[in-house]
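Next up: a single chain in structure tokens, the form predicted on its own.
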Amino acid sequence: MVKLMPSLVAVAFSTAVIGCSPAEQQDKKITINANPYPSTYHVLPNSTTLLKNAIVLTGTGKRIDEADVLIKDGKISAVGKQLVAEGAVVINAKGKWITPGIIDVHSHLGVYPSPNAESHNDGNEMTNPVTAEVWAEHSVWPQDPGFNRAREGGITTLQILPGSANLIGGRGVTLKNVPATTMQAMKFPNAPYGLKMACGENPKNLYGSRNELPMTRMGNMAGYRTAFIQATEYKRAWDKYDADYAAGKNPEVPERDLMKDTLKGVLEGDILIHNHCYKAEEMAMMIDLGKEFGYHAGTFHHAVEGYKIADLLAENGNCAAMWPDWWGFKLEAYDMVLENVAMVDAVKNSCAIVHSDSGVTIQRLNQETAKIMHRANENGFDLKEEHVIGWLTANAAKSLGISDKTGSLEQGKNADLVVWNTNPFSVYAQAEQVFIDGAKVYDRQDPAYQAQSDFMLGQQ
């Protein structure tokens, strides 16, 4: 028998004791609550409803004449001809048009409400070039009468964004356009957050005039990159903490930072970028910025020069939200064409959107889209109503990360829809009835469905 040296026996014994010792007591695991202000939205009272004999634009590129839409349990149950549903409320929609509810991906309602008073201007935290720590939802005034006016124009969902003064302005929030007294009661359940960023003149002019960085477009890029370098290190620290904790260690908890929390969410793909950006070369740089740090550049808002890089946008899966004819108000918004939206849309795998960025235009997004269709068709395009409605519905839902829930009239989707008195792309078009999750939230003929803001009560 081989005898072990005493020293080796001691080492073996010591190792055995260590191996059998209990693991170090771990402190309570710390996790960041990604949604500390959750939605409290509840579907309003609704019933099984059958809309009969309308012209239906599904939002998926289809037009169905003399079609029926069946709403059940707040969802689209069926779209087709000669549908029957026992016990349903039947609405004769002959001569009417039905579309999915309109979605505006760029609104400032509630943060720049009407009346436009200084005390209510809460949409632009112009105190630092990077304010990713601010959240638009904390500025939303649900009593803004603009929400009601937008609903009368068929708006069922809208994203409220901070303004564009900063390189990184803060988080946006997606709301259902229902009457409510709190922001959380409007909050679209489980919709991803958006992060407002801005290219070009706004940040460089504001901070340059204060002799602060950025003063130039290269200063803009330096500011974005610095912020995402910091965010990358922050994410690395939290990832290491999580890994060490999972390994049974008791690591030190990284220090919380609200600004970096948001950018970490971008890096992890949980928060979607919405970037105010006009010029083609700047949008291309922002796509490259996303590649440098491993996030997707998201949706470009305004995109006046989108037509110049339509193929690049489609190739990279970027949506572009645009106006029909609003340009020339500053140099970076100068080089526009009336066919901009149509040209972006014409590329395979594109995602063209019409947005408002206006408390007035949001009431007429259907007619804003009609202007584009008319001008583009004058110049050789062949756009139809059943296609362009997707610019306001399906593509907008895709941009906001909610296309599995709304944006088209398909079985199982939320019953968010509009009944129009005529072709929605006519100058005479009016939304007659608006439904959200199958509940009627507006009826042009019935005052019971014409919500009034508390602010407006008693006023002329």
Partner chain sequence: MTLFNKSVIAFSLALSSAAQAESVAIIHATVHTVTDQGVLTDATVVIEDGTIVAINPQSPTADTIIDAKGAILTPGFIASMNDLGLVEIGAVSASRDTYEKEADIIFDPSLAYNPKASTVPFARKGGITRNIVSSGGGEGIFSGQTFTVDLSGNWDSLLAANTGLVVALGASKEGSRATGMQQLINKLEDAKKAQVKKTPKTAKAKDEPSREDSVVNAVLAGEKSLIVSVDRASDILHLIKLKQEFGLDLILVNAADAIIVADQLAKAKIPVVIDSMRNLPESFDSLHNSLENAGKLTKAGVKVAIALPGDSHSIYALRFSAGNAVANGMDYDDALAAVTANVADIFHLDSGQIAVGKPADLVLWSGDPFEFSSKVKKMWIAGEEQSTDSRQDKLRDRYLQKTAMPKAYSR
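Positions refer to the first chain, counted from 1. None of the values given here were measured: they were computed from a predicted structure.
There is another form of the same protein, the form predicted together with its partner chain; it is not shown, and what comes next is about it.
- The stretch in contact with its partner chain in the predicted complex, judged by heavy atoms within 4.5 Å, is 360 to 368, chosen from 176 to 184, 226 to 234, 209 to 217, 360 to 368.
- Put simply, of Glu378, Glu255, Asp288, Glu281 only one has a heavy atom within 4.5 Å of its partner chain in the predicted complex, and it is Glu378.
- Though its partner chain is absent from this view, in the predicted complex it lies within 4.5 Å of a heavy atom of just one residue from Val89, Leu331, Val84, Ala243, which is Leu331.
- In the predicted complex, at least one heavy atom of Phe425 sits within 4.5 Å of its partner chain.
- In the predicted complex, at least one heavy atom of Met343 sits within 4.5 Å of a heavy atom of its partner chain.
- Proximity of His374 to its partner chain in the predicted complex falls within the 4.5 Å heavy atom cutoff.
- Within this chain, Met336 lines the site of its partner chain in the predicted complex, having a heavy atom no more than 4.5 Å away.
- Every member of the trio Arg149, Met456 and Gln459 reaches its partner chain in the predicted complex with some non-hydrogen atom inside 4.5 Å.
- Interface residues of 109 to 123, taken as those with a heavy atom within 4.5 Å of its partner chain in the predicted complex (partner not displayed): Ser114, Pro115, Asn116, in sequence order.
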